[in-house]
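Form predicted alone, single chain, as structure tokens, below.
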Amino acid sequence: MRNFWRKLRDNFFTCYSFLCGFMVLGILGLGTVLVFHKGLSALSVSFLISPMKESGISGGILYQIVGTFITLISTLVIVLPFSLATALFRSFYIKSVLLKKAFTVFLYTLNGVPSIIFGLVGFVFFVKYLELGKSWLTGGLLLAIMILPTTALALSEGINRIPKEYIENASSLGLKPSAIIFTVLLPQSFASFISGLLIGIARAIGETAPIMFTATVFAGATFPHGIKESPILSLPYHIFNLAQESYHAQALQNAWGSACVLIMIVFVLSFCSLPFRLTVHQEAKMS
């Protein structure tokens, strides 16, 4: 009788897990299909290479795409060294177990902070206190801070999967910590780091609240002309503003088209991270 109830419980949780998984995939799939169904008709070469006109009712999204990629590149350049340092500090330099747990909790907590809080803090600190104004640089700084826990934790977990014998053998050969980092830790955890970096960038590229306060405007910007008071246009904020004009059919159509482009960019970044994630899984099985 006990085996019967145990088997019944196992089957129930198996079916429940599959049901939840299919529901999540179904919602995601339906949302993606809806966006492409409504937005593909707005896509054209002219739409992609033309600047916005009439507050987005006509024209294209050239400078929105340019501004989005400027934000992406600046975020990538800024977050790269800081995530490396953070991950190495957590996995290699911290020897105390208690301190390592506290630092890990801090990273996970920072990772769960709502993006609008980052936007408000960035507006007060970067825009007002440092007097940088709305700028592509402030947007990149803020998004880098936001995705820092994601990238640092991914690299840190990759470092933790490296067999301790590798580090011990390197130490026995007389290698200093810096040499161990560059010859053992970073090459062995490269796939984890790139995977986390691309996933973090894919998340950052779709954020509206942080850049709305610090980096982007709806109209009037083209290419950046400096560091301070140099705002940009962006796809997320463009979609947000066009959605407010839902009474105008063409504006709403352009919003769907812009959403298609944004999803395509996110899909490309996610697919680029897939080979690295598969490499991470294979290394985890081997270890």
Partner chain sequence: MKNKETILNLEELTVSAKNQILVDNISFTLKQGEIISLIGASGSGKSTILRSINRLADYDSGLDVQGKILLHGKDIYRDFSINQLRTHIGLVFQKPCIFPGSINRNVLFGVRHHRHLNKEDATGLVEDVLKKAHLWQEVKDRLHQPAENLSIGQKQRLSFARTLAVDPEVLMLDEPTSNLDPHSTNEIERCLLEMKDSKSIILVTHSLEQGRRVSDRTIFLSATSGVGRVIEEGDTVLLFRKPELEETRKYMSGTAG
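These numbers come from a predicted model, not from an experiment. Positions refer to the first chain, counted from 1.
Here the subject shifts to the form predicted in complex with the partner chain, a form of this protein not shown in this document.
Margin query: Checking a candidate spot here: are 169, 173 and 188 all in contact with the partner chain in the predicted bound form (at least one heavy atom each within 4.5 Å)?
Written below: Yes, each of 169, 173 and 188 comes within 4.5 Å of the partner chain in the predicted bound form.
Margin query: Just to be sure I understand the contacts: of 77, 85, 130, 179, which is the one whose heavy atoms reach within 4.5 angstroms of the partner chain in the predicted bound form?
Written below: Comparing distances to the partner chain in the predicted bound form, the residue within 4.5 Å is 179.
Checklist line | Selected contact from 72, 184, 209, 110, since only one has a non-hydrogen atom within 4.5 angstroms of the partner chain in the predicted bound form | finding: Spelling it out, the residue with a heavy atom inside the cut-off is 184.
Note to self: Can you tell me which of 157-165, 131-139, 102-110, 199-207 lies within 4.5 Å of the partner chain in the predicted bound form, counting heavy atoms only?
What the structure shows: Among the candidates, contact is made by 157-165.
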